[in-house]
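The chain below stands alone, shown as structure tokens; this is the form predicted alone.
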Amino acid sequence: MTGFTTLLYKEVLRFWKVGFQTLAAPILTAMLYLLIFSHVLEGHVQVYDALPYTAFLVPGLVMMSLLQNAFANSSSSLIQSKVMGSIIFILLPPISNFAFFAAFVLAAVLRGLAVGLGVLLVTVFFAPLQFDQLAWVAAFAVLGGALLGTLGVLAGLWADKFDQLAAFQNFLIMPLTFLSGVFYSIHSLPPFWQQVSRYNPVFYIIDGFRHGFFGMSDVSPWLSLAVVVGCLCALTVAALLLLGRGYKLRV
């Protein structure tokens, strides 16, 4: 496991050394979202009976920030290593495919959790929060970060240049996270768009995460858990198969 711990340390150090960019900037962005949306929509949007809109918004912003940064960590690290040619120094040591994969994903989860915790600490001053079931909060935070971290590994393997990775993030990750119920309950949507939202796996991550705070959600947390675990298993298998083939890593 020496290779795994060393690679994990390298990946964690990579984002920690530039924490102002990788940690502080996303927290500031989330705070701006909260200030703008809560100011405009507080008192105008009704969600979950008497739950204030700002309180409803906070868990969604925490999870959205967590997911986006988990994806960014693994994907940017891989594409940067490929473009600069330093990926060879990771491939030469006898590190197993699973250890390679686990180090990248775990580092992505840690960055996502660090950003999510920072957002929670900053935004908690704007709305009273309750923690109805902490187990659900922790489970969806870790699983959500792992899912987007795995998707980041797949994106990093597929992309050959930064433009391709940016397109992947702008046309897939951003729509999935923004249209997942962060700013609204899907029950406020027309029936057609409610059904469309149910095909978005990120919706289940955010909905299950929010259930841990308020004990209320748009769908059952067990259904959300099943969808998230199923997607994570499928993406993990795909990533390990590609790593085993050396997809776009070995000539």
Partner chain sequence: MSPAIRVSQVTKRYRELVALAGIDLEIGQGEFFGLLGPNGAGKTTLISALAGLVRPDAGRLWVMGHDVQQDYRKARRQLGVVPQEIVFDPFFSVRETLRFQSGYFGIRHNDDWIDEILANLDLTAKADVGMRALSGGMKRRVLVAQALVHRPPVIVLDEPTAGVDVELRQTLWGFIRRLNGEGHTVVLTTHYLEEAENLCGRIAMMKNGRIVALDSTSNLLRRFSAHTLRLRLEGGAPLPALQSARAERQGDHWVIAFEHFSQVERVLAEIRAAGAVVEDMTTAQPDLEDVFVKIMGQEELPS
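Keep in mind that what you see is a predicted model, and the values were worked out from it rather than measured. Positions refer to the first chain, counted from 1.
From this point on, the text means the form predicted in complex with its partner chain, which you will not see here.
- Its partner chain is not drawn, but in the predicted complex it has no heavy atom within 4.5 Å of residue 237.
- Using a 4.5 angstroms threshold between heavy atoms, residue 89 counts as touching its partner chain in the predicted complex.
- In the predicted complex, residue 128 stays away from its partner chain, with no heavy atom inside 4.5 Å.
- Remark: residue 96 counts among the residues lining its partner chain in the predicted complex, judged by a heavy atom distance of 4.5 Å or less.
- This chain lacks the partner; the member of 166, 84, 135, 121 within 4.5 angstroms of its partner chain in the predicted complex by a non-hydrogen atom is 84.
- Annotated contact segment (heavy atom within 4.5 Å of its partner chain in the predicted complex): 96 to 104, selected among 137 to 145, 96 to 104, 168 to 176, 154 to 162.
- Contact here is defined as any heavy atom lying within 4.5 Å of its partner chain in the predicted complex, and by that definition not a single one of 52, 58 and 222 is a contact residue.
- Applying a 4.5 Å heavy atom cutoff to its partner chain in the predicted complex picks out 244, 245 from 229 to 245, in order along the sequence.
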